[in-house]
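As structure tokens, one chain now follows by itself in the form predicted on its own.
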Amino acid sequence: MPGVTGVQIERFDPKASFAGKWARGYDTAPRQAWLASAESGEPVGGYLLRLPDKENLTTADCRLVISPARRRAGFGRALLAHCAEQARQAGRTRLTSHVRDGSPGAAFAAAAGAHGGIPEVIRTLTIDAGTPERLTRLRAEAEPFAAGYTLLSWLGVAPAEHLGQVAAVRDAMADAPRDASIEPSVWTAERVRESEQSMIDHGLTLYSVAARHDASGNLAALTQVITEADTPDWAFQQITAVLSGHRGHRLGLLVKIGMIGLVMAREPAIRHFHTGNAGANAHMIAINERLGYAVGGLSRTWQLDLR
């Protein structure tokens, strides 16, 4: 490897649940998992290379990790060079990675010549004694604006009768703020089913709360959260989206209130909800602030030109 001696990089077979998240993922995009070892055989780092197969076909996504004790020894540069070459062989011209601002990963990306995109604000809601009262008050304030809509919820994959509508609401995320060079995902019923079923197969618990437009019977808004046994006190936000023709009715706020209540009732050990929003997404940020989310940091996607 360039600049480093005594290092082997080989494909490896991750273990158990980690394999699901790291090697197989939640979609059909091909993945490569690579491990770097020192001459002693001790693992020093590795990376996951994901090759999008539906959108962003010139892009490859890299998740690179180095053991803290092995940083600043050239292993990161060696792995990045190896990853970039694998991406080029797959016909990709850009390498991306999402990291927290101020982290060693951000410093490494800048030193490698990558360019940072728009900031994403990381927020956490901590459940406390005042949470139920706050949710009740916010629900009472919002419900008059949502006359003609009904909240629905389900656990696991979307019911067959809602599947196509879930895809349509997920497509509403296309107008959310994003880096100009990143294409939004295009959702179909089949893609939704594959993604959700993959989460379930990997041991995640998937919660969904939707707002249905009573006159048409169609879903107008959707929020989804996952929990996992390895982090029993955390819930992780996936999406919150409202179809453009139904905005202005406080549906985003109402489905999130419904979600927090649902998860609290089913998993009382949950103490924290984690979410992230583009810094320019003022509407969703305002909702999260009203719910009591506190800023925990910033992150962004870095892009490295491989040409």
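Since we're looking at a predicted model, the values are computed, not measured. In case it trips you up, residue 1 is the first one in the sequence shown, and so on.
Unshown form predicted in complex with a small molecule; subsequent notes refer to it.
In short, of 33-41, 237-245, 264-272, 58-66 it is 58-66 that has heavy atoms within 4.5 Å of the small molecule in the predicted bound form. No residue of the trio 160, 199 and 207 has any heavy atom within 4.5 Å of the small molecule in the predicted bound form.
Interface membership of residue 75, defined by any non-hydrogen atom within 4.5 Å of the small molecule in the predicted bound form, is confirmed. By the criterion of a heavy atom within 4.5 Å, residue 177 is excluded from the residues contacting the small molecule in the predicted bound form. When the small molecule is considered in the predicted bound form, residue 104 lines it closely, a heavy atom lying within 4.5 Å. Contact check for residue 227: no non-hydrogen atom falls within 4.5 Å of the small molecule in the predicted bound form. For the options 111, 147, 186, 215, the residue carrying a heavy atom within 4.5 angstroms of the small molecule in the predicted bound form is 111.
Out of the listed residues 166, 99, 138, 172, 99 is the one that sits within 4.5 Å of the small molecule in the predicted bound form by at least one heavy atom.
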